[in-house]
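As structure tokens, one chain now follows by itself in the form predicted on its own.
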Amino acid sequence: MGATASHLGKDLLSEYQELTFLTKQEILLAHKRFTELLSREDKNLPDPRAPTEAILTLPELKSNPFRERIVRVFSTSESRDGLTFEDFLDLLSAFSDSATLEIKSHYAFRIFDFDDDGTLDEHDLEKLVNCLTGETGDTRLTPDEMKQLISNILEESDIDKDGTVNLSEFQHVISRSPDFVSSFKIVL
């Protein structure tokens, strides 16, 4: 991969188009934007990784309260830091208008599963609420409000009553939310 979109060969471009929910033009734009995130030295590497700090400067992520979790979930490095171009395409594909409800809800669940244990427990739900409401004194819920909200979420979502929300329970809740698909997107 080089510094310009022309370095994406036709075969690779076609393969990316088949494997993602992105159009050829979206892939070329993604490649251009990704390349802009790389240092001069990294542009010459065979499979460069854009650092998390650079990715978080993208206007499309800058104000997202889950920006760091998003990068972590889509990163294929062992340290979960930074993204390769293919990681970046996976991210954009999952957040594209063309991605299915199943794909979007799967990644939303992974983003909200802060401890990566495969369930949304009280701790994950509290972090989720804090991300959405902000963690400043005037927007933060009181401990009693937080406890009540988490109790309400679990009452509505925890079908098997094990005290957590698993992926299928989460997808069931999301399937009843008509705005989810249209709001879970990032457009370059």
Partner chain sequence: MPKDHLITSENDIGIELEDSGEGCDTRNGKPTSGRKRRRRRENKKEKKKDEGRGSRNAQHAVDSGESTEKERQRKRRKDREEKAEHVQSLDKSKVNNRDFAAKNKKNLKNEKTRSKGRPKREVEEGEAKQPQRKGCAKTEENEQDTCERAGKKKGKKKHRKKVETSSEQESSEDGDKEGEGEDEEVEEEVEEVEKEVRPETLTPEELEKLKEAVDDKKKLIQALRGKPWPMKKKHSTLRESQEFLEKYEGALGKGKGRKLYAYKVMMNKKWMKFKRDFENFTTACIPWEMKIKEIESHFGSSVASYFIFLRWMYGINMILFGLTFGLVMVPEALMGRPYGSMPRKTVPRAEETNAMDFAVLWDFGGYAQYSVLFYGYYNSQRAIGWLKFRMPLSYFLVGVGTVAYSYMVVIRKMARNANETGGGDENSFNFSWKTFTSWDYLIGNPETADNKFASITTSFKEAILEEQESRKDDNIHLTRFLRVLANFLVLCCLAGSGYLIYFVVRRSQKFALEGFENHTWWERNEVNMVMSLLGMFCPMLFDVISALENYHPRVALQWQLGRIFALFLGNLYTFIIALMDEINLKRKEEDVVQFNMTMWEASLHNNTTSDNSTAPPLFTHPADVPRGPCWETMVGQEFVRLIISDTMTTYITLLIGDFLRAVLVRFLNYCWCWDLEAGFPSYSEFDVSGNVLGLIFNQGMIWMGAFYAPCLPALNVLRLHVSMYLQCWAVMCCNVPQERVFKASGSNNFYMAMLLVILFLSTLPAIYTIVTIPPSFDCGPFSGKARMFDVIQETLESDFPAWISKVFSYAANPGLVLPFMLLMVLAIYYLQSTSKSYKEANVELKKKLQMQNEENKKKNKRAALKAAMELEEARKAPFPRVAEQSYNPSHQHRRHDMADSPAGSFSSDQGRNGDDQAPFTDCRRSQPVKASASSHGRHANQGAPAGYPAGHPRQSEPARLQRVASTQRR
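Positions refer to the first chain, counted from 1. The structure presented is a predicted model; accordingly, all values stated were derived computationally and were not measured.
Keep in mind that the form predicted in complex with its partner chain is not shown, yet the notes after this line are about it.
Among the residues N152, N44, S39, T57, the one placing a heavy atom within 4.5 Å of its partner chain in the model of the complex is N152. For the chain shown alone, E53 is not a contact residue for its partner chain in the model of the complex, no non-hydrogen atom being within 4.5 angstroms. Within this chain, A30 is remote from the site of its partner chain in the model of the complex, having no heavy atom within 4.5 Å.
In the model of the complex, its partner chain sits beyond 4.5 Å of every heavy atom of T35. Its partner chain in the model of the complex comes within 4.5 Å of no heavy atom belonging to D81. Residues F95, D97, E102, I103, H106, Y107, F109, R110, F112, D113, D116, D117, G118 are the ones in 93 to 119 with at least one heavy atom within 4.5 Å of its partner chain in the model of the complex, listed in sequence order.
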